[in-house]
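Below you'll find only one chain, the form predicted alone, shown as structure tokens.
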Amino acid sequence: MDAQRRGLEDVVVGESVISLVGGTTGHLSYRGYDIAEIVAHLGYESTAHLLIRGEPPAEEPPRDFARALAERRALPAEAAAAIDALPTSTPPMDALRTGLSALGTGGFAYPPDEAQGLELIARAPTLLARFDRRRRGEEAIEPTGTGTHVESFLRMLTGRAPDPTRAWALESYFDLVADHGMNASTFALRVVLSTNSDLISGATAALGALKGPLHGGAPQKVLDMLDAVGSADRAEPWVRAALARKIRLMGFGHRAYKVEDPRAELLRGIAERVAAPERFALARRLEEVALDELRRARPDQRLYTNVEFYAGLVLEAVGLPRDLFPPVFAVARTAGWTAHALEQTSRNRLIRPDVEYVGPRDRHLPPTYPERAPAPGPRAA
């Protein structure tokens, strides 16, 4: 079996009406609406509304939908206690995984419904913000019913009203990563839901898949790479030396896209507005040099900028610490996970793929192994 089949590349495992990932066209849409139009016009609550209900709301922001999310932000006592019991040295992704699991203390039954999905979406940022403040030795800030979903998250993290430009940048990021077809974490969630398990179990499994650095961990590594380069004038020699040493350039190439990731283009524009000018100039120069050198070194591969290259720059400009990047990605993706959970269970069939056995056949144990059955004896009374 070749590498593509081992990774299920180009293997269609089902049908979905949620998002279209145009790997050869550089196109991404949610429910038929282009991602650029969504980012330009819809806040995260409206994007979640579109993903879950199939249509954009009648108004922006959607008052009833936003209110339903706001009313669910507060954590149950047991989930707050689980977060507070974690060592402050716990990686944030592990803390969020534990917190998500603590949400599922009996209230999430199969099949999932929209109300359960709204609880997942609303409480994920509260879990993460509570842990982050606690590990910094600060008191948790309880959620309120005011502000947008993203504004509330930033206020719980920082303790102050968010800067409007930073809130816009983070909300745009949330829109961009809210869903992306049958990625690894969404597939994990749908496998779990296909067994008639609950939404929290599926979301916890999805988070476990997202934790892997091949799925959601590259933005912070992009920043590490920018730090190593240091300045725009050093980009060309640094890239050439890195490729000569077989060092992977982070933020380039994507399993789904054979052209530029459309999210990368949008994030580039957002980063230009919110990042420090010298930081953006470094990233832009590094991107140009890296693409040129990658085409020269690997002409048989179609490597383009992916979502994670400028995501790191945007999240840094928003003021988030680097180890929060993966769990913040997960917090944004809860809208897509909810939509897929509802779609999976609406016409469910157990996901049970087969595997081609390629091992030895017709083997026999050596005669030195005795029979394990007990010797015949009297029957028990």
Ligand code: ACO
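Keep in mind the model is a prediction, meaning the values are calculated, not measured. Counting begins at 1, following the sequence as shown.
One more form of this protein, predicted together with acetyl coenzyme *A, exists but is not displayed; see below.
At the 4.5 Å threshold, heavy atoms of residue 329 reach acetyl coenzyme *A in the predicted complex. Proximity of residue 171 to acetyl coenzyme *A in the predicted complex: non-hydrogen atoms within 4.5 Å are absent; the residue sits far from the partner. At a distance threshold of 4.5 angstroms between non-hydrogen atoms, residue 264 is out of contact with acetyl coenzyme *A in the predicted complex. Looking at residue 214, you'd find a heavy atom of it within 4.5 angstroms of acetyl coenzyme *A in the predicted complex.
Residue-level contacts in the predicted complex: of 208, 253, 104, 147, one residue has a heavy atom within 4.5 Å of acetyl coenzyme *A, and it is 253. Site annotation in the predicted complex: the residue of 80, 291, 281, 243 reaching within 4.5 Å of acetyl coenzyme *A with a heavy atom is 243. Residue heavy atoms within 4.5 Å of acetyl coenzyme *A in the predicted complex occur in exactly one stretch of 95 to 103, 200 to 208, 273 to 281, 299 to 307, and that stretch is 299 to 307.
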